[in-house]
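In structure tokens, one chain follows: the form predicted on its own.
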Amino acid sequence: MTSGPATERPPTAPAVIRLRGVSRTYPGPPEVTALRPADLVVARGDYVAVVGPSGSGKSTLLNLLGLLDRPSTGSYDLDGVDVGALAERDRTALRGSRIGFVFQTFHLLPHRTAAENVMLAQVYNGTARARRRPAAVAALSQVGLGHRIDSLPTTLSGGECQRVAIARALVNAPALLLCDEPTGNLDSGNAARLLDLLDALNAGGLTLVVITHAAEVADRAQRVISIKDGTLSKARTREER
């Protein structure tokens, strides 16, 4: 895809994501090109949804944006850092400090409290022990679970478990929140409440990229980018949808 007015944000905010000619090909035989060369800019404070059917390349794009995989071609700047030039250890450190992940599956440890599950992200990030619980409590309060900090996941609803997962993603103050089908395991009521929370987080300045196939999720985003057969379309704004 070629960058144009619909893929670029106005230069009023610095870029959190900047892809230049990024592609991903998996070796064969036969070789499979999962993402064709793409340019993309996501500015600080943006809210972007990436939509497409199964097998379209959404997961490949997510893995590249989340530094879980490396592109075959092109360059990726994350919050001003050229990640292609980094050693794997440095990529891991950058991922832990600058990216928060929210998945369809909550990935909570059932025998750890909500606060302890959130604190795990700080353990892996090297946060000093004395700072972990206060930060975890603050993150849980941010997502409306200040009253559930010592509850086990087995006593929480699906919506509450997803909020714990979001608190865990937020606790290290990331530059970017990547969400992969975040409402996939929720009923319609909890899904709507979760989307309201994402709206509020974005209104507070957090940059969001949501991978989804659900129209009601994509409708909340400022810009929607479609992906089909590994090719990104130009983004559509709310006014253009």
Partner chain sequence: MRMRPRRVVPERSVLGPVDLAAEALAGMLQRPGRSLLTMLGTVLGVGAFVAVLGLTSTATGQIGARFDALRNTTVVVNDAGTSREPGPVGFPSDADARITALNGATSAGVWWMVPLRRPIIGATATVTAGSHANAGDVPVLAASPGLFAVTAPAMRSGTLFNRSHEHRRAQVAVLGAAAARQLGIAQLNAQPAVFINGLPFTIVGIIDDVARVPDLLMGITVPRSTAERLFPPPDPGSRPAQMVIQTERGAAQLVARQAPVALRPDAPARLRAVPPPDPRSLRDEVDTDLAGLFLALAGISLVIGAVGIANTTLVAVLERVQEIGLRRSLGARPRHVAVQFLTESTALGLLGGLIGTAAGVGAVLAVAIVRQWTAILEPAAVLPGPVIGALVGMVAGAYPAIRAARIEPLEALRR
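Residue numbers count along the first chain shown, from 1. In this text, all values refer to a predicted model and were calculated from it rather than measured experimentally.
From this point on, the text means the form predicted in complex with its partner chain, which you will not see here.
Trainee: Within 4.5 Å, heavy atoms only, which of V32, L68, A214, A192 is in contact with its partner chain in the predicted complex?
Mentor: It is L68.
Trainee: Please check if D150 has a heavy atom lying within 4.5 Å of any heavy atom of its partner chain in the predicted complex.
Mentor: It does not: once its partner chain is placed as it appears in the predicted complex, D150 has no heavy atom within 4.5 Å of it.
Trainee: Does at least one non-hydrogen atom of S141 fall within 4.5 angstroms of its partner chain in the predicted complex?
Mentor: Outside the cut-off, so no.
Trainee: For R168, is any heavy atom within 4.5 Å of its partner chain in the predicted complex, or not?
Mentor: Taking the distances in the predicted complex, the answer for R168 is yes, it comes within 4.5 Å of its partner chain.
Trainee: So in the predicted complex, does E160 come within 4.5 Å of its partner chain, heavy atom to heavy atom?
Mentor: Output for E160 is no: heavy atoms all beyond 4.5 Å of its partner chain.
Trainee: With the partner absent here, would A173, L208 and Q222 each sit within 4.5 Å of its partner chain in the predicted complex, counting heavy atoms only?
Mentor: Answer is no for this spot.
Trainee: Using a 4.5 Å cut-off on heavy atoms, which residues of 68-95 contact its partner chain in the predicted complex?
Mentor: Counting only heavy atoms within 4.5 Å of its partner chain in the predicted complex, the contacting residues of 68-95 are L68, D69, D77, D79, G80, V81, D82, A85, L86, R89, D90, T92, A93, L94, R95.
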